[in-house]
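One chain follows as structure tokens, the form predicted alone.
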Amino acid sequence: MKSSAPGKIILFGEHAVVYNRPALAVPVNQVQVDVEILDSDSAGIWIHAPIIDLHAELNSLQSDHAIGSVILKVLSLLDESPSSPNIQINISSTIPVASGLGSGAAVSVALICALSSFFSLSLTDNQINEMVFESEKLHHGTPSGIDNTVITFNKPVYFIKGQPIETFTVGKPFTIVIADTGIPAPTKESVGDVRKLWEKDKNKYESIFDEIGQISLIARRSIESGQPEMLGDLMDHNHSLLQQLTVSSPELDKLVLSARDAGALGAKLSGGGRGGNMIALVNQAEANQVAESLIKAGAKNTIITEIK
């Protein structure tokens, strides 16, 4: 039994989304997590995940282990004890870990889908999404819910915390270059630091969040109406607001400027910031040129993805 789940990027709205402003995220199908479940001759549930150097039997893991807790959650729906099925779970991934591409949520989605199929559970996307969100809470404290939603539904998502999920359609495909700084993105830390700033001067930061929320709204309309070229200026504006929130970094700023210099229509950091990824909107013909410039400017890796 096999299942896979894509990565994701946040186009607009990171950090402001924690304060109930809208954010936009889209799936990235050029990278993915694959999960395969096989019957096994060995007793127990064996997990092989070379990406995180994990080769263990389920009962040997801590109860709050990221992968173990997801498996236990699914087993609880079966009334199976963790030792009853003898299976091997193989997990592989091309999504870089801790880079803002949603690797943790993608593992959980692919794992739950594979287990659901293997045990004929027929879980709905909404049920899978809810289970993955619970798992995200274990590991990120107060996650926004974006990662699990966009990856579970594999569609662009317009997201406001605490409100019903809205997926939407892309009026005209557009191309994004993603570049990884190679620096792990400390999301928990950057979210905490933004909260401290907000607590000291709520009026100032609420107005920044308002501006970011407005950008997300205009961006959604631009995408739906088939005018993605309008996203470039919105990205540039959003990045400057994220700089004001202190969540950019010299490495991210360098890549953003390099992308613009190489012909990108706009560029910004994506995700928690202070590491992880930046994204650039490009004309498809210039995608390779921009990607090469980003590598020269210090990016460890680039992905060219078409959003459609």
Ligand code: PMV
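Keep in mind it's a predicted model, so treat the numbers as computed, not measured. The first residue of the sequence shown is number 1, and the count goes up from there.
The form predicted in complex with the ligand is left out here; the points below concern that form.
Interface residue remark: residue 234 is not counted as part of the site for the ligand in the predicted bound form, having no heavy atom within 4.5 Å. With a 4.5 Å cutoff on heavy atoms, residue 266 does not count as touching the ligand in the predicted bound form; it lies far away. The ligand in the predicted bound form is approached by residue 10, whose closest heavy atom lies within 4.5 angstroms of it.
Using a 4.5 angstroms threshold between heavy atoms, residue 87 stays clear of the ligand in the predicted bound form. Residues with any non-hydrogen atom within 4.5 angstroms of the ligand in the predicted bound form fall in just one of 269-277, 253-261, 28-36, 52-60: 269-277.
Shown without its partner, this chain lists 116, 175, 144, 149 as candidates; in the predicted bound form, only 144 has a non-hydrogen atom within 4.5 angstroms of the ligand.
Note on contacts: among 128, 191, 110, 219, the single residue with a heavy atom within 4.5 Å of the ligand in the predicted bound form is 191. The partner is not shown here, but in the predicted bound form the stretch 1-34 reaches within 4.5 angstroms of the ligand through a heavy atom at 8, 10, 14, 15, 17, 18.
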